[in-house]
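Below sits a lone chain in structure tokens, taken as the form predicted on its own.
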Amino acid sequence: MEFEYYNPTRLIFAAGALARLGEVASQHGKRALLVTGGGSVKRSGVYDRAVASLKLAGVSTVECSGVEPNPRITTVRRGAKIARNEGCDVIIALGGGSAMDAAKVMAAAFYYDGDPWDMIFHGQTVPYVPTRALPIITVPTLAATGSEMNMGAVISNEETKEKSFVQAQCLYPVVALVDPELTMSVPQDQTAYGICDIITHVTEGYFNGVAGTPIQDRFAEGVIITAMEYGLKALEDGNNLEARAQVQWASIVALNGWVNAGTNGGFPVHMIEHTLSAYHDITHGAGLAVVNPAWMRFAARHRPEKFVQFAERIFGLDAKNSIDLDCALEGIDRFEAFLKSIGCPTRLSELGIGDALLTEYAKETVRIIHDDKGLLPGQPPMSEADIVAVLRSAL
């Protein structure tokens, strides 16, 4: 196992931490672009509290609102233009993963004269990798994507029906100000989709990573079990602050690089889902709930021992041996049943997606990211036919 680990983001995690936003932001700038989503932060009063804290610390604000659930490159362009025109020197994302992802790319686009879509890896030979960005502060209001403490962002292009990612060190937030109280107003369906998103971030590395990572396996299993246990408590009582805090912490560690360090795994489930949501604008976590179990049943036949381990350690099943496929499949069934029990869809039909474009989804997924053999990276690498088969099994 060989790897490097680096994460420069300062994390402040506490109930009531929003009150410190002005103090923290004033260390990085004096005029902030506040990036927000569809309006929930205003309805909940979070926006006014944030602005008040900033004003008290001498930080003026201008807003870029209306970031979509699958953030669009047109919105990124708009936000970068506002930041330039208004002379902003810090960007604050106040919202869910979409607001945070959009804010990151806006921060890099501030210094880029070209089209920010150049930064998003969508199959081009040489994507533009940004090396400079405005300071970014993330204030998540949803436990899901883990974007508050990593260097990645996912952006959609509504014109070309593409959705993909950028990763660059300059996109690490300087501060993640995480206040679990802000997630208590999240509705049940979005809470459930967030739980699925958290778990899928972990299972991608767990099932697709290299062998010989027992510590990372235990980290991953701990995050999965915690997300399931406390996720159920948060769904039963949205005002359960302890449950919200544990789910929020699970969200952060699931994708800040720590759990997956050294696994070097692909993210085939995410890449397939990105194509689906690019075409149909579905909620990311809902799409993952459909694709992940279907992919797991496919992958278990190629690497049964890892899925047996999952079944035994997560669901307490007893395998006959380390390659007991029946046990592996039972574990996947238990996982899918959990997703269904919390209100997630588990079939494409529940998302309004039929079988007409399965081949097109597969081609598009592999076009955007593939290995030197033209296959979607993962364990195992997937051909277009494999992707079609997985999606067909999820209809």
Ligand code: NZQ
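Counting begins at 1, following the sequence as shown. A quick note: this is a predicted structure, and the numbers were derived from the prediction, not measured.
Another form exists, predicted in complex with the named molecule; not displayed. Remarks below refer to it.
Only one of Cys196, Ala153, Met106, Ala234 comes within 4.5 Å of the named molecule in the predicted bound form through a heavy atom, and that residue is Ala153. Checking Pro173, Gly97, Pro268, Gly287 against the named molecule in the predicted bound form, a heavy atom within 4.5 Å turns up for just one residue: Gly97. Listed stretches are 54-62, 353-361, 31-39, 328-336; the contact stretch with the named molecule in the predicted bound form is 31-39, by a heavy atom cutoff of 4.5 Å. Remark: Thr141 counts among the residues lining the named molecule in the predicted bound form, judged by a heavy atom distance of 4.5 Å or less. In the predicted bound form, at least one heavy atom of Pro69 sits within 4.5 Å of the named molecule. Contact between Thr275 and the named molecule in the predicted bound form is not found at the 4.5 Å heavy atom cutoff. Taking the partner from elsewhere, Asn292 is found to have every heavy atom lying beyond 4.5 Å of the named molecule in the predicted bound form. Taking a 4.5 Å heavy atom cutoff to the named molecule in the predicted bound form, none of the residues in 295-319 make contact.
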